[in-house]
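Listed next as C-alpha cells is one chain, alone, in the form predicted on its own.
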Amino acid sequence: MPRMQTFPDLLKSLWQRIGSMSLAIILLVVLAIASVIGTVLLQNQNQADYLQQFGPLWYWVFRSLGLFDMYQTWWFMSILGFLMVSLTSCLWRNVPKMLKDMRTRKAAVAEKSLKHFKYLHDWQMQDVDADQLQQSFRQRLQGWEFRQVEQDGVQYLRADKGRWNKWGYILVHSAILVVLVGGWIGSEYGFRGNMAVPEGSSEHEISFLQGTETGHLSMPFEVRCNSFSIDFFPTGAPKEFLSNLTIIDHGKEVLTSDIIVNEPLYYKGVRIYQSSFGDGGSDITFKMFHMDGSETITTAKTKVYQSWKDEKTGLSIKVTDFKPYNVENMANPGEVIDFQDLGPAVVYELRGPDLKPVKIKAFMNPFIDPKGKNQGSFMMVSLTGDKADYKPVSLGLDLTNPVEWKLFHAFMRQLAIVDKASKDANLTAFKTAMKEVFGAGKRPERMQDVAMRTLQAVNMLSALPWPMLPMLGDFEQHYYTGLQLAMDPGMNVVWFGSAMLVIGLCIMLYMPHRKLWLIIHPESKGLHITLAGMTNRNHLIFDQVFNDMFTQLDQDFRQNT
C-alpha cells in the first residue's frame, strides 16, 4: 500500500515544480507575448482615440483586459511575481549544489562513467615511470588546477580550467531575478507623469493616465518656467527647444538650469525631462468683419483655451490653438518640394444661434502664390470638427488692407443700384466704386488683381452664413513647456542586475569549464594509461587541446621507450 503523502512532502513537491525549467519557460513565453502586445498597442493614450481606432466592441474587450495600461494590470504583475518565485526556487535548489561541485572536484572516475565520455583514449606504456608521466602532464597544462588521488592502486590526476564557470549560470539567473525585483520596486514606488508649465508660471502637480482615468500627484517642490525658446527646421518641424527652469522648495529658489531633450534636470531623486511644448495661453486679437453691409470692423480680445461671445448676435468663439509658423509644401504633385511659411494662424470653434458649429483655422496673412501674386485672405474650415476634414476657403479680399474692405462694400452698393440689364453693369459698378473709394483718376497698385479679388469676394463672402467674420489681427505669443517628471527607485537595482547579467554571460560564453583526467593503472607488462576529457562549451577548441595532449604524451612514451 503506497504511503500517504504528508503536508511537508506536498510543499516540497510544489516548491520543486515551481522552480522547474518548464514552468519558467512557459512564464517567459507568456511574458514575452504580453510585452509584444504592450509594444504594438500604444499604452496610456486618450480613451477617445482607442474608441475611434477599435470601435465599441473591441474597445470594451481590450479595456476589460486592461490592455491600455497593461503593465499595471493584476495579471501582468502576477506573471512577474510567479516568475520571481520560480527563479528563487530554482536558485535555492541548485546554487548549493553548484557551489559544492566547484569546491570538491572529485578526482576519481568510475569505470562505468568513463564509457560515456566523448573524449577518451587508452594505450599501453612500458618502461615509463608514472611520476614522470604525471610531471609531463602537469607541465603541458600551465595555468590549470590539479587534484591527485590514488584509489585501489589506480592513480587519478585531474586537471581543471575554468572550474568557476557555474558562477555564470548563478549570476545570469540571479540577474534576471534582480532586474524583475528592480522593475517591481519602480512600478510600486516610482512614478512618471506630465507637467505643463506656461512661461513665467510655476506648477507642482503632475498628471498621468491610470488605467482609464487620469491620476494626479503633487510634487514636494515647484517648477517655474522662466523662459522657453525654440528653433525650427525649414520644414517647420521643431529643431531644438529649451526651457530655463527654477526649482522652488518650501518657498526658496534652490536650483536654476536649462534643460533640452535627453538632458534632464535631477533633483531629489526626480528626473525632469523636456518632452514637449505648446501654446501656453497666447493673447489673441480678432478683427471682426461685420457681414451686415455696414463696413464695420471691430476687435475682440481673448486667449488661447478661452472663449469670447458677442452678446448682440450670440456668436461665440472658442480658441483652441495658435501657431506663429505654419509651413506647408506648396509644390504640385511630382514637382520639387517647396516649403513655404504661411504665417501665423489661430484655430477656433465658431458657434451661434441657428448656425452649424464649425472649426476654423484662420491665417493672419494673405496667401502669396509661388509666382508672387496676392490671392487674398484665406482660412481652413472643417464642418465635422476634425482637422483631417479641413477644406481651404479663399475669401478673395486681402483683409489686412482696410481699403479693399471699403471697396468691396462700395462695389456691393453700386451693384444694387446699377442697371443689371446692361452688359457692362459689373464694370460700371466697379468704376463707380473705385471713384468713391480712391477719388477721380486714382487707382491702387495692381488694380487688376484687386478687381479680381473683389469679384471673387462677391461670390464667397455673400455665401457665408455668419454675422461676423473673425480673422486673426494680432497676437502675443506665450508658450508652455511640456515636462515629464519621473522617479524610479528601482533603477539602480535594474542597473546592478544588468551588470550581473553581462558578467554572467561573459563567464558562460568565454570561460568554459574544461576537465582532463590522466588515469594510470599499473599492470604486469607496464602501465595502462587512460586520457579522458570533458567540456561544457567550445567543443571544437577542446577537441584540439585533447588530441594535442594525447599526441604529446604518446611521443614522450615513444622517446622513453
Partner chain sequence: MTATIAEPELSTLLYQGRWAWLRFNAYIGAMLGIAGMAMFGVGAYEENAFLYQILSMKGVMWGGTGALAGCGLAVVASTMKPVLLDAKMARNITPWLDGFVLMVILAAIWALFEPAQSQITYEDQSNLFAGRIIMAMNVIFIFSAVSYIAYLFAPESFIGRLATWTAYTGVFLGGSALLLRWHESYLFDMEIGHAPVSNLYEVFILLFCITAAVYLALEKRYEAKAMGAFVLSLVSAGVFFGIWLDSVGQSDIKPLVPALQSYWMKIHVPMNFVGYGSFAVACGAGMAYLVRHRLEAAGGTSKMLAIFPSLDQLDQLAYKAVAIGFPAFTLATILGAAWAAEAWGGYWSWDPKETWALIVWLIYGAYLHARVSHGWHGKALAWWAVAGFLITVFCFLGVNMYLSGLHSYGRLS
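Positions refer to the first chain, counted from 1. Source: prediction; values computed, not measured.
There is another form of the same protein, the form predicted in complex with the partner chain; it is not shown, and what comes next is about it.
- In the predicted bound form, Pro234 approaches the partner chain with a heavy atom inside 4.5 Å.
- Residue contact with the partner chain in the predicted bound form: Trp495 places a heavy atom within 4.5 Å of it.
- With a 4.5 Å cutoff on heavy atoms, Ile541 counts as touching the partner chain in the predicted bound form.
- Taking non-hydrogen atoms only, Glu240 approaches the partner chain to within 4.5 angstroms in the predicted bound form.
- From the list 517-525, 495-503, 60-68, 47-55, the contact stretch for the partner chain in the predicted bound form under a 4.5 Å heavy atom rule is 495-503.
- Here is the short version: of Leu209, Val418, Val327, Ala486, the single residue with a heavy atom within 4.5 Å of the partner chain in the predicted bound form is Ala486.
- This chain lacks the partner; the member of Leu399, Ile176, Leu472, Met219 within 4.5 angstroms of the partner chain in the predicted bound form by a non-hydrogen atom is Ile176.
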